[in-house]
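Just one chain follows, in the form predicted on its own, and it is written as structure tokens.
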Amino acid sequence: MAKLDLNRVPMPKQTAKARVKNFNEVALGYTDEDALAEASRCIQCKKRGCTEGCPVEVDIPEFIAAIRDGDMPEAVRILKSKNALPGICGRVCPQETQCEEVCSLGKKGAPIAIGRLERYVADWELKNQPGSKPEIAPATGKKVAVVGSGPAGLTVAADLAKLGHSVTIFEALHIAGGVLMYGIPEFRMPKDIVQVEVDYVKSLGVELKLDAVIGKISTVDEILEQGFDAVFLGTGAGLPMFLNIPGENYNGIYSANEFLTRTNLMKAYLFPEYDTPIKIGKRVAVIGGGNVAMDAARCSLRLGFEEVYIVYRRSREEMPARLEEVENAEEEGVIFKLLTNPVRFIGDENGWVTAMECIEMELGEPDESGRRRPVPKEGSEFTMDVDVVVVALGTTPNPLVPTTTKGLDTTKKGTVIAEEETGKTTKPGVWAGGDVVTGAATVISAMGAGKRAVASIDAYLRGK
């Protein structure tokens, strides 16, 4: 019997010195040899913890075995039978806390690099069999409206189309992809990959209507009156949260949403070719410790800021960002000011931010998130000079759809109330999933919610 290989094959990536000067993808992907070596480490265990750990239940051992056997079309077929967006998930899904966390090899060494192999399969398909399509069931004559073209909306649209239903996506922006387009930077999620996945969904017969703001052009009730049999809300969480401290309205203070939308979707990094202004200064402070904060900090370096700080009120252990993102940011030169909390912003006579007064924190007892609560240290106030501040504290759903939809119940936080197992809302004929229900979460959890809603919507449309 071959000896177990407990070391995963590393992913080649651009050096930190090179990549901070460009917006190209950092991780370069596996070569054929890398992928074969990594796939060959999989022991194909009977207990399929990895599949159970995947929110969309991809048959992980099977697609890895197909890579190992050199049958790439079969690897593509297995992967895409459960996941319509593998090129996206292989790049931004937190596999380390899901499928890879429960990999049997992880008990003794490094778990199989499932995410890297998923990306490899998606990239192979793009190069070798672009435009391949699965079988589509006979038309049912039923029509479904999907509001939002982020990960949840795209998943629902693709899966319902495969089941034979007629699907129309309504997208508020001028380009489809939701947070994948406006939120996640090019160096982590290349936009042409997102558009390939969008084109795949359209190739299944899904109609896409852009610049279509539901709640303005039509309400959900009007959509149902226009002959749609069901509606899925996948509108995400696009409303930024703020600190609510003095001086937060000074110029030069951005929400992460605005900063990243200008950078990614409106391509401020290609100024003046794209006429999107964004203020570049000497020193920027990004407030927060999640993936969005890392994205904003790493964009800032590439935009030309000399000093980039992450200001976070807890310690490194409590940071919600993926370890890979924190490490990438550190390698690139982001400076971490931990156990630090801003208390007010200071500006000049023209209304531009110039400094930030902060206080040092220490960790007390755990709060409801299970992380230790940060407590201010008396007398530890200090001032930091800044030219630009990016506030990355998370987001909540935009209230436009809920406030224009009669009978759709929401929580105090503005999220839509929906059954976890089915996505059913309190309004008949309307389902919801992803960040609009959970608040800001991961791409794959939104896709998982979409998958569960599909089963419920399909049963409803067939009168079961």
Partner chain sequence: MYKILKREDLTPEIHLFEIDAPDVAKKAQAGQFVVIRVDEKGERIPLTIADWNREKGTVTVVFMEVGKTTRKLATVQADESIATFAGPLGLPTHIEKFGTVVCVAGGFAIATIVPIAREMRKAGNKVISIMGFRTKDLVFWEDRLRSVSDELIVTTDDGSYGRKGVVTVPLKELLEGAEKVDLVVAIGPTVMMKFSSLTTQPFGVKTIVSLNPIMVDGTGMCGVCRVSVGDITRFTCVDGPDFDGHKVNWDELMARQRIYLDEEKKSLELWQHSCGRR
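Positions refer to the first chain, counted from 1. This one's a predicted model, so the numbers in the text were calculated from it and none came from an experiment.
The same protein has a further form, the form predicted together with the partner chain, not shown here; the description that follows concerns it.
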Given that the partner is absent here, state which listed stretch (70-78, 89-97, 292-300, 255-263) has heavy atoms within 4.5 Å of the partner chain in the model of the complex.
-> 255-263
4.5 Å heavy atom contact, Leu338 and the partner chain in the model of the complex = no
With the cut-off set at 4.5 Å between non-hydrogen atoms, does Ser218 touch the partner chain in the model of the complex?
-> yes
Are any of the heavy atoms in Glu273 no more than 4.5 Å from a heavy atom of the partner chain in the model of the complex?
-> yes
Is the gap between Ile359 and the partner chain in the model of the complex 4.5 Å or less for some heavy atom pair?
-> no
Of the residues Pro240, Pro342, Pro185, Gly106, which one places a heavy atom within 4.5 Å of the partner chain in the model of the complex?
-> Pro240
Assert contact residue (the partner chain, in the model of the complex, non-hydrogen atom within 4.5 Å, options Arg371, Lys209, Lys133, Lys377) equals Lys209
